[in-house]
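Below sits a lone chain in structure tokens, taken as the form predicted on its own.
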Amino acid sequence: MKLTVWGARGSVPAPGPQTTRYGGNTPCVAITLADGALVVLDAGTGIRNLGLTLASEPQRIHILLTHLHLDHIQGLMFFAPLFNPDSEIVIWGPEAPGVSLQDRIARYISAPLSPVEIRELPCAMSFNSAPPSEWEIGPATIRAESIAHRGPTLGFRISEAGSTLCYIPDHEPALGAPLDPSQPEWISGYGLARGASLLIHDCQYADEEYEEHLGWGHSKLSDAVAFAACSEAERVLLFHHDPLHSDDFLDSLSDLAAARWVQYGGAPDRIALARETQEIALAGQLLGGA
């Protein structure tokens, strides 16, 4: 399993000279499975650049949406394979009472927000609520669970050939209370993240910023690292950077995260902040500057 980070910013895109190293695009991570199948985690603005790298030949792509907040779907309308009549796009997402996943996404891909209606897209497109049990995509096993964030929100666990990726980009497991490592089964997302080869996890706020954002659905740095340590993840990629955080600020957060990780007994080279265009091989080492 190999993956590329196409967007690691949260809430709203943050382009500009102060965000060139970590990137300004909102969440999108592309996974290439052993058989060449492409699985895309979230469809923030980063998915546009992913689409530009794909050849024009027919594609079959699975897009797994954690939730439908705008920063996680706003790139979907600019994903080139949607306009290829030979492409097949399968979208998975959280279930919501009384309205289908397709209808909820159509609220965005429709007037007055879009010049194109979702029914007019030429690709073959299908929509599935993520099932409560595991399912297969090619050689990978996928599991989804609800996690603590505003609105119906999923985390994903993807396993292939002995390696496991856990993706929880928007998450507030502590909700202002200390995380209790003695009872981890009660912590939101623990079952998904436990023993993951790589955990990609929300770390939007510095500790001193968190009190003003309590209940917004995101983690402060100390909670993100504590959650990773509690779940015994082998490696950690901190994600969903606040749009106000510059590259220099994120460098300082990265140093703090490494220091806290060491306090939990982890190696400092096993935790990093996600960077746009970063490539990762789960069976090997973190690549691309991590």
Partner chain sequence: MATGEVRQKPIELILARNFLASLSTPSFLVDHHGQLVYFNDAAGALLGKRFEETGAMSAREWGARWGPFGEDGAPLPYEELPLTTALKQGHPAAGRFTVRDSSGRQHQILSSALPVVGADAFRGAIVFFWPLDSSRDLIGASP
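Residue numbers count along the first chain shown, from 1. None of these values were measured; they are calculated from a predicted model.
Not pictured, yet referred to below: the form predicted together with the partner chain.
The closest non-hydrogen atom of Glu209 lies beyond 4.5 Å of the partner chain in the predicted bound form.
A residue is said to contact a partner when one of its heavy atoms sits within 4.5 Å of a partner heavy atom; Ala148 meets this definition for the partner chain in the predicted bound form. Although the partner is absent from this view, Ser197 contacts the partner chain in the predicted bound form, with a non-hydrogen atom inside 4.5 angstroms. A residue is said to contact a partner when one of its heavy atoms sits within 4.5 Å of a partner heavy atom; Gly191 meets this definition for the partner chain in the predicted bound form. For the three marked residues, Ser110, Asp242 and Glu276, no heavy atom of any sits within 4.5 Å of the partner chain in the predicted bound form. Only one of Pro115, Gly215, Pro122, Pro132 comes within 4.5 Å of the partner chain in the predicted bound form through a heavy atom, and that residue is Pro132. Only one of Val90, Ala80, Leu175, Ala106 lies close to the partner chain in the predicted bound form, with a heavy atom inside 4.5 Å, and it is Leu175. Comparing 137-145, 82-90, 67-75, 200-208 against the partner chain in the predicted bound form, the single stretch with non-hydrogen atoms within 4.5 angstroms of it is 137-145. Along 106-126, no residue reaches a heavy atom to within 4.5 Å of the partner chain in the predicted bound form.
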